[in-house]
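Structure 1 and structure 2 below are two forms of the same protein chain, each written out on its own as structure tokens.
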Structure 1
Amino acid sequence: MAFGPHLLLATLDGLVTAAILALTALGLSLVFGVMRVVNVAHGEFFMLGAIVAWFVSSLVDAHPAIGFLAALVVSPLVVGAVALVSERLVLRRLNYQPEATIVATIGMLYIIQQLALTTFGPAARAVPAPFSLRIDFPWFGYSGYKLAVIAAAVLLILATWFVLTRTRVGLVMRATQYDSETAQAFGIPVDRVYAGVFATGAMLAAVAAVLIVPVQQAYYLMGLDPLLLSFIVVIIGGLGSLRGTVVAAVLVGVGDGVVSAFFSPTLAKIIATLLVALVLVFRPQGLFGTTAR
């Protein structure tokens, strides 16, 4: 394949990665932006979403699209419920202290991972794609489902932006983010806001997992890479910044796709890590983050 078509193919694959990464990192960034909690178990919510998607789709004895749609509804709800219980039983009891919550979410990571290994097993499981449309370019054919993943991620990101900036729910979340004590003094139930934000962040990761699991098989260790890349994205874009998360996800995702196609996946990860180091040195708040006052 010539350089131009090869570059286009790598870019398309990179955009798919960027779309999933943006949704996953958006949940992580949202939790930190409002709660100031670094959720180390975020990747396991992603993994749990994929496993629940496989379980639900395997129960539906009908067209793959029906099983996929059922998984797209059930999986985020199950993962959100698990996150809600975790927030109430663990994070709330620690009063959301940064150091304590990091240790606690590391513990949650291993608990969820080992429970998945015990119940799901070590084997990777495939989920059928809801449709098998193939888009024919002049140089190659490309999966229509992958393009649909990009479109779905864009719609979900726009919906998140609308909720955060144009609704009362978003106003309450932003008020809690800026000053939780003042928000509580004005009657905002901060504990409920925190619980809702933590569950929403986990649900975004679960949705991302459901979208990508027809391309990548469900596996009990599949949450490690999304967690690492999500941290890279939110550090580069700026913790708590929606725009920064999306821009950084596109940079990391497309860069990973292009560098992996022409060189090696290891080099792509090295470049992303170096970029994080440069951002931390020259702009610690991230590309679109703001300096704390």
Structure 2
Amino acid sequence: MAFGPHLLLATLDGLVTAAILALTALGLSLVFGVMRVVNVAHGEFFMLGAIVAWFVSSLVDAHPAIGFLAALVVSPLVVGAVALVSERLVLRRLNYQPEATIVATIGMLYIIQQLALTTFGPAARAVPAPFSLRIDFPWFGYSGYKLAVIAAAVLLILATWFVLTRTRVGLVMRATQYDSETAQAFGIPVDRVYAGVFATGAMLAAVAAVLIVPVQQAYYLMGLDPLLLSFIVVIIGGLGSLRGTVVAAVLVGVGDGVVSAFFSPTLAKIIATLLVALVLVFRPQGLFGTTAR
């Protein structure tokens, strides 16, 4: 393949990565923004979403589309419930103290990972795509499902943005984010908002995982990469900033796709990780964030 088409292919794959990454990172960013909790187990919620999707779709004995749709509904609910329980049992008791919650979510990471290994096993397993459509470009054919993933992610992100900025629920969340004590004084049930936000963050990761699992396969160690990439995205985008998160996800996703297509992926990761660490050191508000809080 010539350079031009090769670049187009890399960009398309990068956009798929970016779409999934944006959804996942949005969950992490939401949790950090509202609760000031760095959820190290976020990648495991992603992994859990993929594994539950595999279980659901393998139980449904019908057309793959039905199994997939069932997974798209069930998996986020299951993951949200797990997140809700861990929030009530652990994070709330820690009073959302930043450092203690990081240690606790590391603990959650290990527990979820081990349980996945025990129940799901060490193998990577595929979930069939709901449809197999091939879109033909002049130079190569491309999976129509992957393009649908991008479209679905865009829709979900728009929906999240709408909820956060245009509805009462969003207002309550933003009030809590801005000043939880005052919000409490104005009768906002901060406690329940936190629980809801933590569950929602995990569900976003789960949805992202269900969308990508027909392309990527479910695997018990698949949570680490999304976690690190989400960290990178959230940091570059500015901690807790929604727009910054999406912009950064596109940048990182496409950048990752293009760079790994032409260079050693390990070297690309090393450079990206170092750059992001330096951003956090010298520009803690992120590249696109406006104010440091």
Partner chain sequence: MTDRAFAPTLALHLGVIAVLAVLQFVLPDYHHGLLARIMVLAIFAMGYNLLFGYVGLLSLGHAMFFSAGLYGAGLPVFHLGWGVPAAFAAGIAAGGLLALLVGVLVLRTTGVAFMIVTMMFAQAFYLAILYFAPWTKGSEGFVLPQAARAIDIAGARWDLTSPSMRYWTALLLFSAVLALTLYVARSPYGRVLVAIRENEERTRMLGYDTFATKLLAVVLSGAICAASGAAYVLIFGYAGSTLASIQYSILPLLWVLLGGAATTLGPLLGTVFMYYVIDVASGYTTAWLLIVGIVLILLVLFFPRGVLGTIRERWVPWLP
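Everything numeric in this text was worked out from a predicted model, so none of it was measured. FYI, numbering is relative to structure 1, first residue = 1. For the two forms, the rigid core is made up of the largest set of C-alpha atoms that agree within 1.5 Å on superposition.
> Of structures 1 and 2, which is the form predicted alone?
If we ask which form is the one predicted alone, the answer is structure 1.
> Hey, does Ala10 budge by 2 Å or more at the Cα between the two structures once the core is superposed?
False for Ala10: its C-alpha shift is below 2 Å.
> Core-aligned, what's the Cα displacement of Leu280 between the two structures in Å?
A shift of 2.3 Å at the C-alpha.
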